[in-house]
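First, one chain by itself in structure tokens, the form predicted alone.
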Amino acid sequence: MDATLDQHAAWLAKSLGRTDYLPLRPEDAVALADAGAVVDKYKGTHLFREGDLADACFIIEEGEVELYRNNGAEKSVVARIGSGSVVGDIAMFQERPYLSSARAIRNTTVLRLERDRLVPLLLARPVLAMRWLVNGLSQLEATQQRIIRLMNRTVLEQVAGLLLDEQDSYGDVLLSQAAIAELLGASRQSVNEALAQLRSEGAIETGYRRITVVSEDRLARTSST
């Protein structure tokens, strides 16, 4: 097997074939990797744009992608997604235009899968199709849980919950205050005030375009108030 193909197949098996449910067989991971094309996207470049016909979907291998919609002259950020996320597949399967734009917010590597190659592959490999379904439902559930958590909450509670969700393994949240405001649909002033309060309570530390979670317990208490 080609070394590059082997590398991407191993990553797919780990990402889509999590051992909690129906692990992805090596031959399925190889077939999926072989059906796609690895694409590197530089910061600021698009995977696709809102309104384009969805002829392909993308699995994010490394990096981070911002999903946003245009509202006239303004841009509304829908979500930020990272490694292991699949984007564009719902519109692709329905043969409809993409509902949002997807832009790399740092250098990102993706596996691009065209509909004409992916659909026959899923039909021929039921284990792979089931894993794809489970992965998609897991992403949808995570989105729904976030929406539920944000309903009827103050900006302070929303910011605390978002920081808990977005922190990496080191406790860092690589989001600017403007990005947090866009994700929550709140004003920058209200987000700044919320961050200042969380900082004064010892829950976080802040720096240039970076927030570090100091106390998950304090954030959790605030987000569930």
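All figures in this text were calculated on a predicted structure; none of them were measured in a lab. Don't overthink the numbering: it's just position in the shown sequence, from 1.
Not on display, but discussed next: the form predicted together with the DNA.
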Quiz item: the DNA isn't shown here, but in the predicted bound form, which of 161-169, 53-61, 178-186, 40-48 has heavy atoms within 4.5 Å of it?
Solution: 178-186
Quiz item: Are any of the heavy atoms in G202 no more than 4.5 Å from a heavy atom of the DNA in the predicted bound form?
Solution: no
Quiz item: With the cut-off set at 4.5 Å between non-hydrogen atoms, does V155 touch the DNA in the predicted bound form?
Solution: yes
Quiz item: Hey, in the predicted bound form, is S215 touching the DNA, heavy atoms inside 4.5 Å?
Solution: no
Quiz item: Since the partner is left out here, which residues of 100-128 would have a heavy atom within 4.5 Å of the DNA in the predicted bound form?
Solution: none
